[in-house]
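Below, in structure tokens: the form predicted alone, a single chain.
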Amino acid sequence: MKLRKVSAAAATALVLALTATACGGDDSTDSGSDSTSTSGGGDKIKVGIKYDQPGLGLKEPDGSFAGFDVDVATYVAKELGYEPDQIEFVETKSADRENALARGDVKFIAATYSINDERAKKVDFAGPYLLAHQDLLVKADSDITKGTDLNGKKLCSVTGSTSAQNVKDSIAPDAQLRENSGYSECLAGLQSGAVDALTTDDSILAGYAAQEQYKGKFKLAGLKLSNENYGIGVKKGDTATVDKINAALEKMVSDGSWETAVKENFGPADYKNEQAPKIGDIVK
């Protein structure tokens, strides 16, 4: 999705608002209402996404945004009353998601944000809107079909990730763990044969494998090593927004937009996605 210029009407409204402030307008006016209102009609809404995950949340060289999370966020924002040109996408890295919501930097976050008990103490979640699983990405001609096949093989993930360690601890203790700073390095190693498999959420793996330069070269092993319930994060206590987002997600599924977004973003990787989860249905 490519962001467009602010409409003339929105620009006029902004000028009037600034004029009123300069003339000593009411100090009680909420200056952040454009990014916190869920009734629509404001200048913009700020939404947190990832900028570096192909197929999910990616900032393109031309400044536009693409991916499944982007499509979900755009649909939800429209149901809240905002057109695409009123959405300001804000990069929210995994380590800063809770803080970004607490500070009010964004209204909601759609960024491969797995719902768990610890996070639910700090933020509220709408959804889930996707059930993902930890999986393996291997070469298209690989004979790795189950977790134990990784014994003696080189397994790659990013530094600090628990995914690879989970495999080594519970499934293939003799796997040779390699850690890189990013998934792109793991993909390069997989392509060259320096590593035999890459592990993280299957949705993330599918997003990378669906890139033009990798089409047909990799495949998902189809293992379900964990359940990752992706939810939309909202500031703690903002139940009104959670309810509205849940209604938007249900509509997105019922009108077919959810399935279309899945196919467009993950289809080239032959991603075997789960059916759209029911709101509040957390798979342990």
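All of these numbers come straight from a predicted model, not from anything done at the bench. Residue positions are given as counts along the sequence shown, with the first one as 1.
Heads up, the form predicted together with a small molecule isn't pictured, but that's what we're talking about next.
A.B. asks: Find the only residue in 191, 162, 99, 148 having a heavy atom within 4.5 Å of the small molecule in the model of the complex.
C.D. replies: The option sitting close enough to the partner is 162.
A.B. asks: Determine whether any heavy atom of residue 178 comes within 4.5 Å of a heavy atom of the small molecule in the model of the complex, and answer yes or no.
C.D. replies: No.
A.B. asks: Does any part of residue 201 reach within 4.5 Å of the small molecule in the model of the complex? Heavy atoms only, please.
C.D. replies: Taking the distances in the model of the complex, the answer for residue 201 is yes, it comes within 4.5 Å of the small molecule.
A.B. asks: Is there a non-hydrogen atom of residue 114 within 4.5 angstroms of a non-hydrogen atom of the small molecule in the model of the complex?
C.D. replies: It does: once the small molecule is placed as it appears in the model of the complex, residue 114 has a heavy atom within 4.5 Å of it.
A.B. asks: Residue-level question: is residue 218 within 4.5 Å of the small molecule in the model of the complex, judged on heavy atoms?
C.D. replies: Although the small molecule is absent here, residue 218 would stay clear of it in the model of the complex, with no heavy atoms inside 4.5 Å.
A.B. asks: In the model of the complex, which of the stretches 209-217, 114-122, 80-88, 167-175 has residues with heavy atoms within 4.5 Å of the small molecule?
C.D. replies: The contacting stretch here is 114-122.
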